[in-house]
Every structure is written in C-alpha cells, then in structure tokens.
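Take a look at this single chain, the form predicted alone, given in structure tokens.
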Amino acid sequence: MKAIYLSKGKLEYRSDLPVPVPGEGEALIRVLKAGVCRTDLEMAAGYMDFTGVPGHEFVGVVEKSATPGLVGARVVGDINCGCGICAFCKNGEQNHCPDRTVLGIKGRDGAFAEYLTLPDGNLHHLPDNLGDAEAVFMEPLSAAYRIVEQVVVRGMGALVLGDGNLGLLAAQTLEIMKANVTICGRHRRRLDVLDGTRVNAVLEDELIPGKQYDLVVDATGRPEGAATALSRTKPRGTLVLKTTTALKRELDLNTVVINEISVVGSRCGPFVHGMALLELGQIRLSAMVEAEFPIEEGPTAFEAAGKPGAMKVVISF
C-alpha cells in the first residue's frame, strides 16, 4: 500500500505498507483525496509524538463493511473513535473518550494512504452533487461550526485571528450564523477568498489599534496567537482557542480573571452541520485549494502546505 509515513519527525513516501484490516464494526475505505492541514504540519514538527500514517481530512469509497448499504458508498468520516462503553461514549461524546483513537493523530493510521479503517458509525454518505474536492473540507468546516455550538454568536462582534483554512472557514460560518465578523490575517491572497461576502477582511496593520470584540477566535496556528486574541477580547467577552501547536504557549490568566473572560477550547464538530453548510453553497471552497499532488509526492505536498501564505493542499490517489 502507498502511504506517507511519519516517524521521529521525518516524513517519507512508502509503498510497502500493508492494507489495514478493519476490526469488528469497522469499514475499509479506499481514499480518493485527503487534505493537508495545520495539525498535520504541527505533527511533523513533533506535536502528539505520533508514529504512523497521518492525515484526517478525507473523502473515500467503502470497499468492505458488514453494514448494509455502505459498500460502494462515497463517504467522509468523524475522526474520533471511542471505546463505546465509557460515560462519554454513552453520552454521545466520543470526542472526549479517554481511550479514543483519532484518525491520523492518535493510535490510528490516517488518510495519507490508499486505505484506512473507521467504525461504520463514524461514516457519512455524501450527496452526488458534492464533489470530492469540496468533501475534503468536511472535517475542518465541521470544526468551524463547533464554535456555534459552544457560544451564542448571533449579533456578536466577532474577530477571527488567522487567515489559514480554518480561519477562513470559521469567519464564513460565523457570518452565516449572523455574527458581525472581522477576520485578520497576514496574507492578502488568502483574505481575497472572502471578497464579496459580508466578512470584513483586514491585514494585521489594518486592524483598528486597541479595538476589542465580544468574541475572538484564535485560529492563527502560532504560539503567540492566544495572547494576541486575549488582548482583543472585551471584558466579559469570550475567547475561543482553535490553535494546536507543538510549541508551548503562555496566557495571562490575570487578565482572564480581572476582565471575567470566558475561555473556550474548541476542537471537532458534528459532520451533520458541516454537511448542511456545504449544501447551502455559501462557503467558498474552490478558491481555497492551493495545489494537488499524487501520493507519491506526499512529502512535497507537505512542503507546499508549509510555505507562508499557502492555502489548502490536497493529496490524491
């Protein structure tokens, strides 16, 4: 099997890996396309100390499953796989199962390979009118929607820091859900994706000095992003942290206490809402794809994705 393998911070293309064998209740999925995200880049830098096949943003076709109607289906999949018996799993919160595996991140080989396995219950059928390139965005778009589940955003003045793919998706999602959104980034070509929307897209030196917001989202992907986001959060406002990084971060908790700021960690979201957002047709996705590489050029795809200002890089099979 062809795949990209990560070990001790080194990425390599391999063609000798065995096809994974699905466990009980799991499906074998042939991967069509997979997206490289910031988390993948951080993992290559040492985040999560992962060894194996990374990758968690994918679209594929089910080749083996005991569940009627799944074989042959084009699917995307929730990346968290719970134990099924703990209190979190029984409450429908397998994202927080203490014994979970996470596709391409923790204890489970991921999507930068010809095949992967996931529990049947994690899979979601894709409508025929949704293309593979769009479907690759399902996981990050669902993660963007997670903010709306955690925080009341309607009518709020919101600032999204970071113009990477997650930042662009978060800004569009918050705007659709009736927040008054400003996104601040470092790359005009990324921000241009939002031309014609109601999102106010500005470069860092164009942000009004000292202005604070009801809701601030750190999607910078940088260690200093949380501190910057905190400084832009109004007293009694809400700071949402989306960034994960291999480097340690510092946050002034005195400011959090004095200004009574709510700090919300935000991770994965439900695919049903990501699917609904995609089917609305209001999220700009095609302009967010930077390049596509075959699996044989996977390490080159990572290099392209890590360049300043790069947008979504896709690996195809």
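Sequential numbering from 1, following the sequence displayed. Remember, predicted model here, so these are calculated numbers, not experimental data.
As for the form predicted in complex with another copy of the chain, it is not shown, yet the points below apply to it.
Candidate spot E93, K242 and V257, all three in 4.5 Å heavy atom range of another copy of the chain in the predicted complex? Per the other structure, all of E93, K242 and V257 touch another copy of the chain.
Listed range touching another copy of the chain, judged in the predicted complex by heavy atoms within 4.5 Å, from 157-165, 127-135, 85-93, 108-116: It is the stretch 85-93.
Considering non-hydrogen atoms and a 4.5 Å limit, does another copy of the chain approach G281 in the predicted complex? No.
Answer for R267 alone: is it within 4.5 Å of another copy of the chain in the predicted complex, judged on heavy atom distances? Flag for R267 set to yes.
Within 4.5 Å, heavy atoms only: does R236 come near another copy of the chain in the predicted complex? Contact with another copy of the chain, yes.
Tell me, yes or no, whether R190 is in contact with another copy of the chain in the predicted complex, where a contact means a heavy atom of each within 4.5 Å. Heavy-atom contact with another copy of the chain at 4.5 Å: absent for R190.
Would you kindly say which of L32, L41, L70, I261 lies with a heavy atom within 4.5 Å of another copy of the chain in the predicted complex? Going through each option in turn, the one that passes is I261.
Report the residue, out of R232, R74, R186, R100, that has at least one non-hydrogen atom within 4.5 angstroms of another copy of the chain in the predicted complex. That would be R100.
Heavy atom within 4.5 Å of another copy of the chain in the predicted complex - qualifying residues of 144-169: Going through 144-169 in order - heavy atoms within 4.5 Å of another copy of the chain in the predicted complex - the hits are R146, Q150.
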